[in-house]
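In the block that follows, a single chain appears as structure tokens, in the form predicted on its own.
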Amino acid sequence: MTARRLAVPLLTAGGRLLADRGAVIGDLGFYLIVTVVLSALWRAAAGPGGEIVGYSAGALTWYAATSEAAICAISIRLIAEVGDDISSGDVVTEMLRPLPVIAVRLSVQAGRSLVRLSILVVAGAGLCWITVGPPPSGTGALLALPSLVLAVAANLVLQHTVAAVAFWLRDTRAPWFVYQKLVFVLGGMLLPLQVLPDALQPVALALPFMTMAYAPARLASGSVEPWLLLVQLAWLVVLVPVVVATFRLGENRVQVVGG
């Protein structure tokens, strides 16, 4: 019953975003610009017929398009937006609803993000196909699709966990800034993790950020590694209880201190 009730905000949020053509065009335009520039830089670095840490120019193009789609599917200021709602007291009204605040918020953001993701994946695949041809591995590309959904899910959950510090700190600008940089570098959005120094690669692979961009991008670039999906699922199993507990503690604090 709860899952059915949560489907309502998910579908409603997705429908509203899809109906907002201006927002859709803006998101798509931003994604295409970033993807074109980033993939062009990687192709230039690899050179004709060359490779960078095992990635060909074509593979790097598919990598860039996929990693950008995973990240651009979510509002870039989500942590700050959630933090503002908490610090302003807007979340108190949401606490009066019969469903948990975090469950409703994740459902709404999932609806919006999945719509964005679907549009970006189609556009990104078309761009890559025109630029460098089909994906290096059909199997890897198919595995990248569920991996992208898991990437968005993990990112949404962890961003809400970070935003929950607003229950105590009231300001999420610094955590938001740090989080974005960690996803960009250690999450593999800007570059494959194999490019990192040898000492840093095991650290990046051991952190949850790699599930948010590197995992689907690695698969789309031709590496058939199903274990990446298992890692994403494992991190979700860890992160979901953490965000639920964090919001519960924060809401209890609001109730004790009176908002």
Partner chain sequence: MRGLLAVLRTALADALARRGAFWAQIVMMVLNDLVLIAFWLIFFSRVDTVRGWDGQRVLVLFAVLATGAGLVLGLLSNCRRIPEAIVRGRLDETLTLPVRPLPHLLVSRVDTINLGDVVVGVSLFALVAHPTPSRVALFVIGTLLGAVVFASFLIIAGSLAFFVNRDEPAGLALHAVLLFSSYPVDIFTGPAKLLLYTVVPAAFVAAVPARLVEQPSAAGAGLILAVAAGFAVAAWAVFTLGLRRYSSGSVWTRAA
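Bear in mind the structure is a predicted one, so any value in this text is a computation, not a measurement. Numbering follows the first chain given and starts at 1.
Quick note: we don't show the form predicted in complex with its partner chain, though the next part is all about it.
In the predicted complex, its partner chain stays beyond 4.5 Å of every heavy atom belonging to L205.
In the predicted complex, its partner chain sits within 4.5 Å of a heavy atom of G26.
Interface membership of M95, defined by any non-hydrogen atom within 4.5 Å of its partner chain in the predicted complex, is ruled out.
Interface membership of A123, defined by any non-hydrogen atom within 4.5 Å of its partner chain in the predicted complex, is ruled out.
Note that among 152-160, 175-183, 102-110, 78-86, the stretch whose heavy atoms approach its partner chain to within 4.5 Å in the predicted complex is 175-183.
Taken together, V36, L41 and Q194 are fully in contact with its partner chain in the predicted complex: each brings a heavy atom within 4.5 Å. Annotation for 53-84: the only interface residue with its partner chain in the predicted complex is V53 [heavy atom within 4.5 Å].
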